[in-house]
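Single chain ahead, written as structure tokens, the form predicted on its own.
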């Protein structure tokens, strides 16, 4: 029996941007990468090497200039705006260094917001948001606004929101970058629980100690996979 297709597959992936003076800046230069379903992979490398660009392409936030990027078997390049938005709502979740919570909404409302955009009924939105906040240990803080939550608690809310649509792939860009060491460890433990539940994780980090605890490290340099 053949093995299942990778959750993420890049073949000759390239991304260029318009640079100053009308030139071109190459952010990704022929990246080949496969991530198995349920695998946790850390992307490392110096600033400006293409780590965030790679996440943006994989998350259908940006289009590749050349090559192939597939997520859950779906080729991202030909997808129109509606299809890309649907993929982000239902299959791919994001966690960022900045929490990007809406300050006027409670924790529960922040988690439920993507479900509102997806047309989920209010009662179901509340049920899912409540369950997810309990999953990340914040059931008692559901009615609190972001300004009354610690940094670690805000990142937990952001993680719950990323999973609200049933994401099978989680993309995390320096999710512990604004947290102290102890709190960062708590967030990483939560991410491991998510992966244990079958979610595929690709995490960008400058923390080599953290990267060393993942299933695999992929090091980028100058837009290429170095190791």
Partner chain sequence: MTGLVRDLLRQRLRAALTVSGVALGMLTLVVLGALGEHFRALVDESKAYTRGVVRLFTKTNPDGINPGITDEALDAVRGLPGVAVVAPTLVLYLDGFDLEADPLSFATPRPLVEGLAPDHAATLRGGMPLVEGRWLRAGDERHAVVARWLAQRRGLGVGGPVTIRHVTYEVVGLYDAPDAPMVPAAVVPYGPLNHDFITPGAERARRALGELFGAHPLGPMAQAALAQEGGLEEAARRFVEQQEALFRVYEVIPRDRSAEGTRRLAEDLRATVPDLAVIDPDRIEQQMERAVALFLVVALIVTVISTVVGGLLIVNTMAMAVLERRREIGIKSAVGATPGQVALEFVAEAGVLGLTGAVLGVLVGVAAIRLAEPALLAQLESGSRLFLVTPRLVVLTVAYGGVLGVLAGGIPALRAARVDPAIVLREL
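These figures come from a predicted structure and were not determined experimentally. Numbering follows the first chain given and starts at 1.
Omitted here: the form predicted in complex with its partner chain. The next part is about that form.
K.L.:
Please tell me whether any heavy atom belonging to residue 103 falls inside 4.5 Å of a heavy atom of its partner chain, as the geometry stands in the model of the complex.
P.N.:
Heavy-atom contact with its partner chain at 4.5 Å: present for residue 103.
K.L.:
Residue 68 near its partner chain in the model of the complex, any heavy atom under 4.5 Å?
P.N.:
Result no; residue 68 lies far from its partner chain in the model of the complex.
K.L.:
Does at least one non-hydrogen atom of residue 51 fall within 4.5 angstroms of its partner chain in the model of the complex?
P.N.:
Taking the distances in the model of the complex, the answer for residue 51 is no, it never comes within 4.5 Å of its partner chain.
K.L.:
Classify residue 130 as contacting or not contacting its partner chain in the model of the complex by the rule of any non-hydrogen atom within 4.5 angstroms, answering yes or no.
P.N.:
No, residue 130 is distant from the partner.
K.L.:
Could you tell me which of 57 to 65, 183 to 191, 36 to 44, 196 to 204 sits within 4.5 Å of its partner chain in the model of the complex, going by non-hydrogen atoms?
P.N.:
Looking at the partner contacts, the answer comes out as 57 to 65.
K.L.:
Check each residue of 69 to 107 against its partner chain in the model of the complex and list those with a heavy atom within 4.5 Å, in sequence order.
P.N.:
81, 82, 85, 88, 89, 94, 96, 98, 100, 101, 102, 103, 104, 105 sit within 4.5 Å of the partner.
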